[in-house]
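To begin, one chain is listed below as structure tokens, in the form predicted alone.
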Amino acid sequence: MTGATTDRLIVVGAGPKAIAVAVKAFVLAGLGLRTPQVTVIEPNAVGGNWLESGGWTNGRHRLGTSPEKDAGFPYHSTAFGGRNAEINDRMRAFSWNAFLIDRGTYAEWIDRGRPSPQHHLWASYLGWIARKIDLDLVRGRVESVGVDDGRWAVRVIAADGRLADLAADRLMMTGPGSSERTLADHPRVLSVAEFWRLAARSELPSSSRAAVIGGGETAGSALDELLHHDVLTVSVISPNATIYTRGESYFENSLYSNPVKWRSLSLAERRDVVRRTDRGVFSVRVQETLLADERVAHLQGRVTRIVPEADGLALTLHNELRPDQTHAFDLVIDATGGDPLWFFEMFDQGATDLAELALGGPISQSRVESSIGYDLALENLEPPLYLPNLAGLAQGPGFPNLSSLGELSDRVLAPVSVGGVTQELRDPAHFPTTART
């Protein structure tokens, strides 16, 4: 089928997943294949969560994943019939290596042993792609999400306060949500964003007994930075028995790069893989730093209570089968990460009702994670709502992170059947066929 289409996909958040989908759509359009118009909504910059201004990093820490797992990785499209080879070939023009070649730094990167880039350079890579494809970027913050006449109705508020109402046939949510969350409102309990702001200005309070709550990479980066400041001891608090190291062998990585085996694993096996390799683990590089620093210790438990004391804070840690324990600290960094369901707070009552109807009950993380379909959208919900950050358990551990961006974009943009007819082609005159710089 040929001809123009009004199909529009809105992506909230201009991070790696948004860029991967947008550049794949650009390539598909250049080949004359039907693809939605991709519009990205972002309040800050492209790749903003990888910059200091995003509140999740200072931009100088290094990427935990190989940068060659880029916007097109693993370059193994299978969703587009006889055009797959062409798609893979054209996607290489937007690879990490192509970015370095364009910058004139490819040989240097190779000679230095392919080091992981700092976060700000990864953001530059994403911005480079956005410029080359002339990304349709709406700068603003989503205020509300509803459904009107079978389409998503997204209200956006710009930095100057002006409102814009956008309609879309599909909606994709990305990103971790706010980095300003804390378990308690106290000047000595820092959110991730406040921690990075103070660290950048060298204004972190001195501490004799600091605590970092969280066992994942957000906590690992914060801990890595904290050790460069005036602190005598640091306790890492997480529910795991110890601080695990991210699995980096071929066997673990292959499950992330190619999720074809994932559906054959039991739910218990999937949870075990995610627990051991992604959630509650530190990167190898961060672990090497911790091994050399005797100031760091681990405390097992979930923080259930924070009570101010005269000289600090008392944290209550809960463990199953053991009595609760209380420990005293004078500085606490809440690095537990964002709320996985943050975007549902923006849904109006009508959109919430549709989501709950699709889920068969009230919105919860467990219900959502078990209801993500092959296309990474919530099953039984129209119009489609793509949730790659919550697709790990159902579809593969690489989708919530950077490990399979090319496969992610294939699943979101694969041809769909409408009225029994496969929608494959669109009018290429509506889209450019060559990259713009």
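Numbering starts at 1 and runs along the sequence shown. Computed from a prediction, not measured in an experiment: that's the story for all the values here.
We do not show the form predicted in complex with a small molecule, though everything after this point is about it.
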item	value
Contact residue in the model of the complex, from 259, 176, 301, 127 (heavy atom within 4.5 Å of the small molecule)	176
Residue (of 140, 312, 146, 214) lying close to the small molecule in the model of the complex, criterion heavy atoms within 4.5 Å	140
Stretch in contact, per heavy atom within 4.5 angstroms of the small molecule in the model of the complex, of 105-113, 87-95, 263-271, 214-222	214-222
Non-hydrogen atom within 4.5 Å of the small molecule in the model of the complex for each of 208, 227 and 317	no
The small molecule contact in the model of the complex: residue 396, any heavy atom under 4.5 Å	no
4.5 Å heavy atom contact, residue 44 to the small molecule in the model of the complex	yes
Partner contact for residue 346 in the model of the complex: the small molecule, 4.5 angstroms, heavy atom	yes
Non-hydrogen atom contact residue 170 with the small molecule in the model of the complex at 4.5 angstroms	no
